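Let's start with one chain on its own, the form predicted alone, as structure tokens.
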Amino acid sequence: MIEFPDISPAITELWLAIAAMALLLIGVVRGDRATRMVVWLSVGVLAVAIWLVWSDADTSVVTFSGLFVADRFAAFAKVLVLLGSALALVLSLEFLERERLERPEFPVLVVLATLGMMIMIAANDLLSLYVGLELQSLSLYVLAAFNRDSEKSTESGLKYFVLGALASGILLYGATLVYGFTGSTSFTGIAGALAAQEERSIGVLFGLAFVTAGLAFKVAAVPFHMWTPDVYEGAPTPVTAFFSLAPKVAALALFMRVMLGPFGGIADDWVGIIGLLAATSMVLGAFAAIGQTNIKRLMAYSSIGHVGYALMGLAAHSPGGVRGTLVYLTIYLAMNLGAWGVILSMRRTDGKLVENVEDLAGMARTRPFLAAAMAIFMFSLAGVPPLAGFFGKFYVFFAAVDAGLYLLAVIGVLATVVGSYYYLRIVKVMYFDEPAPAFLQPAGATIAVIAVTAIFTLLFFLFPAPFVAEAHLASLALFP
């Protein structure tokens, strides 16, 4: 008799799946007028999911025949993903109403994408990894093209779909090679097979290369970043904000679990590749953003650069490196969320939404709160002490130096200096240029998100210990 698997470790994923179906039914029955209600219900669903994850964070168990793992690392990453998704929904509500995109399927797609991310983070097998990845990707393809009346949105959705399908195919091909040369799709089985091999199989290395390329696309690391600027610019702004938050955290968490789990025993074969991805991402993100006038494209290149800093922790291949990356992702989530909140507030009094850096001119005199918050986020993204962004970079740089990756750390410092230019340029435009027409007062929920993230970013240096301690405990789950 087949024993029924223990489903309790996956209770959060089951909750999200059932809630998404219920929310979809509400949207079908009540139509577009239910959008606001479905958005807030979705935020509530995600808040309950955070409680479910954190209340069971101390467990470490593998279930569903080895396909699914629940541990401290998964709990930490899941909380970040759920928080990013919930707050991105809060920021999206005003935009959807003003742009007349009030359709209840928007929050449902966000919840389903979040469910895919949760499965990715908890994957303990190449099969469950792929299922979670595709559930996330299919939802994101639709979200990128959500504004059906916009040619740019449709174009971004099509580009993301075509390139995403290619990346998924590459990853799947790599997974088949790994399976063919190790005889297992389980992370534990792959690690055991590699440990038993006296001589490294060239087939496994080719499979690892393809898997790495597929995952690098998902995190938008150079040279697999080509989709990011166009999709970020063309997609509706709240969708772009969502793309830069939860999916980025989930993909990086998956990257760490895959590289440090099944392939942790052959780290010498991939550390150099990850270091190269990190270095090229930091350099391109720093230099390519300098000439950007569209703030969404600028933030796209900024996100590419920050992926490089996060990958630096993975390249260190140590608990300190994973801890540094998790701290970095926590801080990046807060400061990026706040920055996108300000960008979503860039709406003129005539109702027109604007996206150029020059449209921020003189905002310190027309909207002083937004300008002050944006200045905090820009200084933090640049890594200026004592703001939170400085500590994020400090922990990953420290991990890289501790691992002997001195060149990578030097490249990171130089990229930080170069990247500071375009962040500080935004501050200069807001405070020293002649004022452009004023923006509308954003909704109360948007102001609340901006205020909370700004306070967190500004005062993080007073209470870093709890976050660093939790990140340290999470990192130990990948190094038993």
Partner chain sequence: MLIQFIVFYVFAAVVVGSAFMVIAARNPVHSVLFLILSFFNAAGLFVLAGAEFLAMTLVIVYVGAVAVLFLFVVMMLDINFVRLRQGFMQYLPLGAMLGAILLVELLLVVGAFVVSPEVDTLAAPMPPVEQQSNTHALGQLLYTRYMYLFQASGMILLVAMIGAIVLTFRVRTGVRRQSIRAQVARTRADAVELKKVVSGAGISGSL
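Bear in mind the structure is a predicted one, so any value in this text is a computation, not a measurement. Residue numbers count along the first chain shown, from 1.
Not on display, but discussed next: the form predicted in complex with the partner chain.
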Exercise for the section: State yes or no: in the predicted complex, is some non-hydrogen atom of residue 148 no more than 4.5 angstroms from a non-hydrogen atom of the partner chain? Expected result: yes
Problem - is_contact(residue 459, the partner chain) in the predicted complex, heavy atom dist at most 4.5 Å - result: no
Handout entry: residue 195 within 4.5 Å of the partner chain in the predicted complex, heavy atoms
Key = no
Exercise for the section: Considering only heavy atoms, tell me if residue 138 and the partner chain come within 4.5 Å of each other in the predicted complex. Expected result: yes
Exercise for the section: Given the partner chain in the predicted complex, answer whether the residues 315, 379 and 421 all have a heavy atom inside 4.5 Å of it. Expected result: no
Fill in the blank from the handout: Note: the partner chain not shown here; in the predicted complex, the stretch from 126-134, 334-342, 283-291, 165-173 having heavy atoms within 4.5 Å of it is 126-134
Fill in the blank from the handout: Note: exactly one of 253, 87, 108, 310 sits with a heavy atom within 4.5 Å of the partner chain in the predicted complex, namely 108
Handout entry: Listed residue that, although the partner chain is not shown, lies within 4.5 Å of it in the predicted complex (heavy atoms), from 159, 103, 72, 393
Key = 103
Handout entry: the partner chain in the predicted complex - contacting residues of 12-26, heavy atom within 4.5 Å
Key = 17, 21, 24
